[in-house]
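The chain below stands alone and is given as structure tokens, in the form predicted on its own.
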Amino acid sequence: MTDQALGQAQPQRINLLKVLGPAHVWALGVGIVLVGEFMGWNFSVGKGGAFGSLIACWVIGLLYTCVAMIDSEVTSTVAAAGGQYAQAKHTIGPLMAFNVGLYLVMAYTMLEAADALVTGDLIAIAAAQFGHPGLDPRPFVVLTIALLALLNYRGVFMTLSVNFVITAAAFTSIVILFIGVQPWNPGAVLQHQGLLTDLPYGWIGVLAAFQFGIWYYLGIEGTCQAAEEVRSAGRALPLGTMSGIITLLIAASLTWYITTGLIPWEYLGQDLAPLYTASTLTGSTVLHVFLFVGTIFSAVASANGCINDASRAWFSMGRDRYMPVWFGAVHPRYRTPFRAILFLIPIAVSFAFTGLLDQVITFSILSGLLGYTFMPINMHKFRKKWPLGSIRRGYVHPWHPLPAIVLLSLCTATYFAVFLGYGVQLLAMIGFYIVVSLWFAFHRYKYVRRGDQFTMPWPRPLGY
């Protein structure tokens, strides 16, 4: 058979479309995370009190600033779907890459389940207020995930364009509530003087609050999953990621300030949707409506982004044969990883149906935390193998290795915080990842084609 005939016999590989810009990257990162300002973060108040939660907010904000800086450099250079998974392939090796890919899939799928659960519960609460108590939230959970999966199935540009609009609307609702509570007039609406107390559980409570302080920012690293679909990785990824973390730091501070001035910390620490509850306490129907819409939008935007990110990580693992290659297919018309999108739907629905919001959140937090622990190691090896000047970087983060050291230290402290409240779940999850690592090493690795994984045109690493 001639070379020409061989070329005609082999189907052309279909790739993901490069259609995204910085605004889409911002919408992906902030869209996933902003729901954490509307729910979940307040469990940190129950652990450490209002001031303990504020300390956790800023300390974990530093952790995620380090994550954003490191990711902006490495991902703008390793511009491939899978984000941190693709980084691990190039810098460390197959076993680490497999685990990092699994961390990403589980973190985003669990977060998607929590988002859908909150959406269903909020609709049920609203129905009760309008005279229809006892509404089952589960059909709304399924409907939310199904509609967002369909949107993701049909194209990434429309998916993240929608995310930009609803994320911006949700962020605007926080700003509107902040203006509505008249921060310039203390005591008129906000009652910080009467509600704020000292640390009820001391500094050990502050440390315990780190676990749910993560919820303010969990998912900003998801901007990396768009690396293969942006028009300019060197511009869009750093700009979208760094502007995203700035947005979230502002939103987190506003959220804490508003809610702690309206809700006693004992109730705030167990509320389903604290910003929405705060809006009802202002007595303003307009603020009530704005925050209901904002809360729904934030949960939907987060679930939408999670479907995008989890499917990209799963698709990348399938394409590299870390998982069955069947998952590495791209839709011939919509150019999306459609099989990965469809496969993860029942997993998210099943976890959402448990109704155990704090457990699902903890599952997501722990998977994310394991991924963050990999980043300092990855950053060190990346700079060591390919020093500055040896390859072209889209962005160079300052003060290396200080951000990596700070990130590793804060991750260690947060593990201890998680152990204080969810020690059994922490140990169970670590056991789970050990078992699947053994499965990969002794069974799945034989299907991996090592030479196909290294897609970057880089020189030989220093020292090799």
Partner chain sequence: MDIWDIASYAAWIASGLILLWMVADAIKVNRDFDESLLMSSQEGIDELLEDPAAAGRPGREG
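Numbering follows the first chain given and starts at 1. This is a predicted model, so every value here is computed, not measured.
This next part talks about the form predicted in complex with its partner chain, which is not shown.
At a distance threshold of 4.5 angstroms between non-hydrogen atoms, Ala329 is in contact with its partner chain in the predicted complex.
Tyr334 belongs to the set of residues with a heavy atom inside 4.5 Å of its partner chain in the predicted complex. Shown alone here, Asp121 lies farther than 4.5 Å from its partner chain in the predicted complex, counting heavy atoms only. When its partner chain is considered in the predicted complex, Thr172 lies well away from it, no heavy atom lying within 4.5 Å.
Partner contacts here mean any heavy atom within 4.5 Å of its partner chain in the predicted complex, and among 126 to 134, 161 to 169, 187 to 195, 356 to 364 they occur only in 126 to 134.
For the candidate set Val289, Leu342, Ile377, Ile250, a heavy atom within 4.5 Å of its partner chain in the predicted complex is found for exactly one residue, namely Leu342. Taking Leu102, Ala80, Ile220, Ala208 one by one, only a single residue has any non-hydrogen atom within 4.5 Å of its partner chain in the predicted complex, and it is Ala80.
No residues of 412 to 428 lie near its partner chain in the predicted complex, the criterion being any heavy atom within 4.5 Å.
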